[in-house]
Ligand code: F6R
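Let's start with one chain on its own, the form predicted on its own, as structure tokens.
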């Protein structure tokens, strides 16, 4: 099977979405998103020869934004899909967790290699004698890996971090496989990539983008699937440049449900429902849908079945494309994140 990205031609694009909107995709975000099956296979191969030097009982994945989501997804997959005593935590700040010690594997992930919070966490964790794996496409993390003789896993360049999610996640999964912490996902990875190629969801994503156009997207999921809901939220933020919010069941029923009593504003709620949540959560989702619809909120339920890895990435793929098409509806180029870049410049340099 060819490893080249399979992307619709112009005529096929027009069938999915009106021609006049495609002018806004100035940097080719659609092509990059559609290449996810290839990114999955290539990312999984990147971790093939990476093996920790010694055993560990705890993994801390440090990362922010589009890079940090890899740790969130890894934590959920290890917790719910594997029989292991190794604990996976995430760190999203300037300091390493106090639990870090010599029995910890720290994985510092920054696509650019220059994320200041991740660099700071790496510095504080390395002092505690833990094992270290640095993951980036270059930048200061790669430089520090050479200086401090820490293992470095290099990613391909020239992607937005959020669009490199498969390159960020699948090498980490492979590293934990190599360490004997999780089961082998080789067959599932191959089947996942093949399924994403075979079952194109562009038309469905274009339809979903129309449902939330002019509205604030809300994304709800079971706690075990919350990182996927959060991914949808952040993709609406970064691709469509619009506000979006997410919450998890069943916590949502204990607070946010009441916010619709005196609802102000227009919302569209997406319920991400899997076949793995607790039966009471499934009932909560059904009841919450009814409440929101009675309050005038439009609702879409997306039912996901199959192995957890497939559930996660087929849903991420659909969400990425939905936010892409919403960006086009707003006349927005999905790729640039100029406001974030300006914010970083205003912060000034960070010295580690």
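Positions refer to the first chain, counted from 1. Everything numeric in this text was worked out from a predicted model, so none of it was measured.
From this point on, the text means the form predicted in complex with fructose -6-phosphate (F6R), which you will not see here.
Participant: Although the partner isn't part of this model, could you tell me whether residue 64 comes within 4.5 Å of fructose -6-phosphate (F6R) in the predicted complex, counting any heavy atom of the residue?
Facilitator: Heavy-atom contact with fructose -6-phosphate (F6R) at 4.5 Å: present for residue 64.
Participant: Report yes if any heavy atom of residue 174 sits within 4.5 Å of a heavy atom of fructose -6-phosphate (F6R) in the predicted complex; otherwise report no.
Facilitator: Judged by the heavy-atom cut-off of 4.5 Å, residue 174 is well away from fructose -6-phosphate (F6R) in the predicted complex.
Participant: Quick check on residue 16: any heavy atom within 4.5 Å of fructose -6-phosphate (F6R) in the predicted complex?
Facilitator: Contact with fructose -6-phosphate (F6R), no.
Participant: Residue 112: heavy atom within 4.5 Å of fructose -6-phosphate (F6R) in the predicted complex?
Facilitator: Yes - in the predicted complex, heavy atoms of residue 112 and fructose -6-phosphate (F6R) come within 4.5 Å of each other.
Participant: Quick check: do 160, 337 and 340 each get a heavy atom within 4.5 Å of fructose -6-phosphate (F6R) in the predicted complex?
Facilitator: Yes, each of 160, 337 and 340 comes within 4.5 Å of fructose -6-phosphate (F6R) in the predicted complex.
Participant: Which of these stretches, 240-248, 99-107, 195-203, 112-120, has heavy atoms within 4.5 Å of fructose -6-phosphate (F6R) in the predicted complex?
Facilitator: Flagged stretch: 112-120.
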